[in-house]
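Quick setup: one chain, the form predicted on its own, written in structure tokens, and binding and motion questions come after.
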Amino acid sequence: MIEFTLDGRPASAQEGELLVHAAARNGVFVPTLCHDDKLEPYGGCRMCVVGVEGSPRPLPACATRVIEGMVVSTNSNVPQLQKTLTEMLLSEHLNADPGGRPNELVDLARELGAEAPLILPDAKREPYSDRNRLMGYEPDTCILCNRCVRYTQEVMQCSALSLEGRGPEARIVPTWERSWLDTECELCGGCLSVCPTGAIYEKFLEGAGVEERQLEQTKTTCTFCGVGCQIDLNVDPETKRIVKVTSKPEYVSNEGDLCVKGRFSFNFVHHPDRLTEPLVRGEDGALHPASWEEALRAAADGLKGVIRRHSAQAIGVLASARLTNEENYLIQKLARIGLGTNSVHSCEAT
């Protein structure tokens, strides 16, 4: 640990720790738009500038590491610098309220009392339409913080997104201006999750009028594979329907990252064809609603009939990698001891 001074008070930090993290641990919040803990220091938006004694100009806290004896100030002329930078971003931010999606720039502007002094006449960027059905991009909401591009390169190790154009015409596009479907993108939605302004968004929420911060979150485990990614189901408090799926960086096993299934494949929950109660085929050959006791009894009687007529070796059991290790253990135990068959296999291996 090393010692430094923060706003006139002694503070401590780990050697080489980023100033933005050290300040947060010592109770001082430094705003930033381009920074993400998963990504390498960038210092692009300059919203996190702080005064450092001996430096001729303010330094970005998200790209400056603490050194022994450093004297840092966040309350001299720093708030005015942050307000000016916010106003500059707002002047190119033509769509600051994109359909109820969270916007960190707007939040910061409200906190600092900043308003756009003018709107640049050439600020409007060319829209980008994509044939994929999951993610969309609104260039007039984008502040070119590059978080989405850096996420694809540094976390997903692919070249799905890139910057295109110069000056006020610059925008984020799938590489070579193709569709997301024609790049290395796996539609995991990671770029969407790190976007600070909602410029990249879920297409199925477009025009829905959902205020995302009003959604209720319930933590659960994704069931699409055996990794056990932790997710949050975002539920509309009025309709009680799942609206979107998110995940937090502090969650163990996936650290907030998801695949295309984990993030986007949840509509089956509310599908009208989904079974909500057991069905048992009657003597008329049709399926009829039944209680769980009746359904389990029918399944047990059917298995007993097969064993009686053809022996236990006529029965095969399929397990699933979507289950936990404990559940799969119980399945093989049921097969070997309960049914008397060693024909146990995983449906994921076929």
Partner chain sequence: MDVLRLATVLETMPRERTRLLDNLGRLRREVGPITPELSDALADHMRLRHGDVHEVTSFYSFLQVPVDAVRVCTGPVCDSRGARDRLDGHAIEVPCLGHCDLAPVVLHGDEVVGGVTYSTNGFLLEPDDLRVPPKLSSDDVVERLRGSGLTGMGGAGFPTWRKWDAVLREPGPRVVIVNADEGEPGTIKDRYVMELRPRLLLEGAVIAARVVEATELYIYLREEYATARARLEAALDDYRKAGLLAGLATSLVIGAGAYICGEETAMLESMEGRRGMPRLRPPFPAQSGYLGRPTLINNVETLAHVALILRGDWQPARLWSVSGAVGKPGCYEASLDVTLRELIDGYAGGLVGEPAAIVPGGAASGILPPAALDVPLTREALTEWGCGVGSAAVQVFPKEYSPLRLLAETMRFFAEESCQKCTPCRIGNRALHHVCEELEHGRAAMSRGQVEEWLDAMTLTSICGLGQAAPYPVRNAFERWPELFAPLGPAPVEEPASA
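The structure presented is a predicted model; accordingly, all values stated were derived computationally and were not measured. Residue numbers count along the first chain shown, from 1.
Keep in mind that the form predicted in complex with the partner chain is not shown, yet the notes after this line are about it.
- Only one listed stretch (211-219, 111-119, 269-277, 130-138) carries heavy atoms within 4.5 Å of the partner chain in the model of the complex, and that stretch is 111-119.
- Judged against the partner chain in the model of the complex with a 4.5 angstroms heavy atom cut-off, the residues Pro98, Glu126 and Lys248 are out of contact without exception.
- Among the residues Val71, Leu94, Val235, Met88, the one placing a heavy atom within 4.5 Å of the partner chain in the model of the complex is Met88.
- With the partner omitted here, the residue from Leu163, Leu181, Cys225, Val260 that has a non-hydrogen atom within 4.5 angstroms of the partner chain in the model of the complex is Leu163.
- Taking non-hydrogen atoms only, Leu205 never approaches the partner chain to within 4.5 angstroms in the model of the complex.
- Within 4.5 Å of some heavy atom of the partner chain in the model of the complex lies at least one heavy atom of Pro58.
- With a 4.5 Å cutoff on heavy atoms, Gly43 counts as touching the partner chain in the model of the complex.
- The closest heavy atom approach of Pro168 to the partner chain in the model of the complex falls within 4.5 Å.
- Along 135-152, a non-hydrogen atom within 4.5 Å of the partner chain in the model of the complex is carried by Ile143, Leu144, Asn146, Val149, in order along the sequence.
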